[in-house]
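Quick setup: one chain, the form predicted on its own, written in structure tokens, and binding and motion questions come after.
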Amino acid sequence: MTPPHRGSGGAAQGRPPPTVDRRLLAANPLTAASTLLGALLVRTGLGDQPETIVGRIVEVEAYGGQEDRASHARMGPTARNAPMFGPPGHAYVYLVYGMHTCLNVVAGPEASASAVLIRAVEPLEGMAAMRHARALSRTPGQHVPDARVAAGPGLVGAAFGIGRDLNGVDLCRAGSTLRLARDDIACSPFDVLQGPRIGIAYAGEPAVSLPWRLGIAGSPSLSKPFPRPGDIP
């Protein structure tokens, strides 16, 4: 599986890259996850930081609607998961362990409650602003390599300064301070890794074994290694 590899492209040339087409996110969650893999995550207006933060999405997890026992939607609509039941392309931001925020992209047709968790982002621009944002979080990471600054779902939230105030924001709107973008300039092929989602043992089968975690092979920013061929029965 070799979709296009997206670099910093238009952002690096001083003009905003085009946003991801919302219609592509209205597909089933695994197809939406494939669309997001290699896309750009763009952050502006982060406190007093003048820099625009740009990173390439290198790892994602797909989650179905209420039928997916690993999904936050499994118990139906609540105050917490309300954005999941809205239109695709919006953010679902939630808190884990009372301290880390995680970013999900609502996917599928409206009210289907599918979503894609952004597990890892490879930094492209705005490293100083990313490190500043992490220093303000509970995961400062002063000594981690640049490539590892957003190498995990909680670290994405920290490095991009994503708080609950961004819950429900339209990620496909050009003017949003947090948005998803394409890169139609810097493209090269990449191989896709695929494996089970992480940390969902409570969901049981078949949810545990679904190969709904995707990553870009060779990226130094993956949150965790993917299983090797033959590791999964």
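Quick note: we count residues from 1 along the sequence shown, nothing fancier. What you see is a predicted model; the values in this text were computed from it and never measured.
Missing here is the form predicted together with the DNA; even so, the following discussion is about that form.
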*Any non-hydrogen atom of Met99 within 4.5 angstroms of the DNA in the predicted bound form*: yes
*Does the DNA get within 4.5 angstroms of any non-hydrogen atom of Gly175 in the predicted bound form?*
no
_Contact with the DNA in the predicted bound form for Val169, defined as at least one heavy atom pair within 4.5 Å: yes or no?_
no
*Considering only heavy atoms, tell me if Leu117 and the DNA come within 4.5 Å of each other in the predicted bound form.*
yes
*One residue of Gly108, Gly161, Gly152, Gly89 in contact with the DNA, assessed in the predicted bound form (non-hydrogen atom, 4.5 angstroms)*: Gly152
*Partner-facing stretch of 64 to 72, 28 to 36, 41 to 49, 175 to 183, counted where any non-hydrogen atom is within 4.5 angstroms of the DNA in the predicted bound form*: 64 to 72
*Each of Val54, Ser137 and Leu214 near the DNA in the predicted bound form, meaning some heavy atom within 4.5 Å?*
no
*asked:* Suppose contact means any heavy atom within 4.5 Å; which members of 198 to 227 contact the DNA in the predicted bound form?
replied: Ile198, Gly199, Ile200, Tyr202
